[in-house]
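One chain comes next, on its own, written as structure tokens: the form predicted alone.
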């Protein structure tokens, strides 16, 4: 391999240090901005999915639906033995299970009230709940109370309650009848997010008795996996296992999406709502199905990063093209001398293109390094748990993930754009007659 031209190209860049630094700096800035966007988008959906999985109690979910004698559709799983058998037959591994029932209620204490979602779980035996909730008042021992309720700090402040106080809840049963219940505040937690502040946990058995479900019944089974990226395959395997047992199942796919604002999961639910059946019909879905709209945000961010990359470097490339055109005229006698001693036109062109390539690679590498430094600094910032952005964070911190192929793709785009920008002046330099170049006076 001929290394003379690359060495000459590198020497020419070093001869004009200030110009080289400015051009490489412009490239580095563009790469840094795009890399930060790509890094944020890379971790966005994973963080949102994991945070919602902890709020909802699983990565994969099974829910049951049936019609009452009056024709009202309700959510209920009355006998989960077949689901447990299907889990076993699927051969898939899971880390924990959580049975839940939910209702929307108005909590009242003295003259104050607030609207909350009551989520019924087995408080005393929910290891998952203890992992993700931090108590600031009360005790885990209080969860043995049959009517225990765990509320967030913001709710406690709104109602002005302390552990041991009794709050009244107004809600509707699964059949639509109004009902009330009394709950005793067992613990107050740090708000995990603005969504977490709306989550209130109560004893599953007690909530079931109030909303019209039996002791061993519930609305949804949450299955927590060891890895989030296994949720799709796990759900498909469980779906196949349940179908093989003869259970009635809603189709996991959807035929069409009604509008751009409707996610595939929403379309699937709408289609299912038009179905009729007898007995219990089950739905298997994943946290990613629920958050399909969040994936659309990631796609939008990726598209925006490409658009920003093109716009930034369209501007930068104009500057690079003009700069190399000036460099050609500055080195016109040098070019003439090289042509006079036998250097071919293609070699002159290659020399300029090597300079452009080295410039692009140096700027791209510097931009990625600067982006990594910025990511590291940003990840050290600790955000308030009540911040609206908390759901896109990882343990209260910004996190970034830059796929290696995406980084290489950005470098390749920059290299190609830089070569295209420099090709015209490089070609003009190569076509210059030696005699004319030697006669030129700067």
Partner chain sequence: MQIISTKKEGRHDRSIVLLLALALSTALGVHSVSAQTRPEPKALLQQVDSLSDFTGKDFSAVFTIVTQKPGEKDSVTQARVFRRDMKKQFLILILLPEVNKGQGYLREDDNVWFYDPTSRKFSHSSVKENLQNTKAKNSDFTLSSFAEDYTVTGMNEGMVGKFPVWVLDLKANTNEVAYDRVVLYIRKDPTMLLKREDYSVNGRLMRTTAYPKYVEIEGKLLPSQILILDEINKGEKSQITMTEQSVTPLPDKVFTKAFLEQVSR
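If you're wondering where the values come from, they're calculated on a predicted model, not measured in any experiment. Numbering follows the first chain given and starts at 1.
Just so it is clear, the following notes concern the form predicted together with its partner chain, a form of the same protein that is not shown.
Asker: Looking at 344, 322, 95, 175, which is the one with a non-hydrogen atom within 4.5 Å of its partner chain in the predicted bound form?
Answerer: Of the listed residues, the single hit is 175.
Asker: If the cut-off is 4.5 angstroms on heavy atoms, which of these, 82, 134, 168, 365, is the one near its partner chain in the predicted bound form?
Answerer: The residue in contact is 168.
Asker: Want to guess which of 68 to 76, 116 to 124, 226 to 234, 277 to 285 is within 4.5 Å of its partner chain in the predicted bound form, heavy atoms only?
Answerer: Among the listed stretches, the partner-contacting one is 68 to 76.
Asker: May I ask you to check whether residue 179 falls inside a 4.5 Å heavy atom distance of its partner chain in the predicted bound form?
Answerer: Looking in the predicted bound form, residue contacts with its partner chain include residue 179, since a heavy atom lies within 4.5 Å.
Asker: So, in the predicted bound form, is residue 210 in contact with its partner chain at a 4.5 angstroms heavy atom limit?
Answerer: Yes - in the predicted bound form, heavy atoms of residue 210 and its partner chain come within 4.5 Å of each other.
Asker: I'd like to check something about residue 108: if you look in the predicted bound form, is any of its heavy atoms closer than or equal to 4.5 Å to a heavy atom of its partner chain?
Answerer: Looking in the predicted bound form, residue contacts with its partner chain include residue 108, since a heavy atom lies within 4.5 Å.
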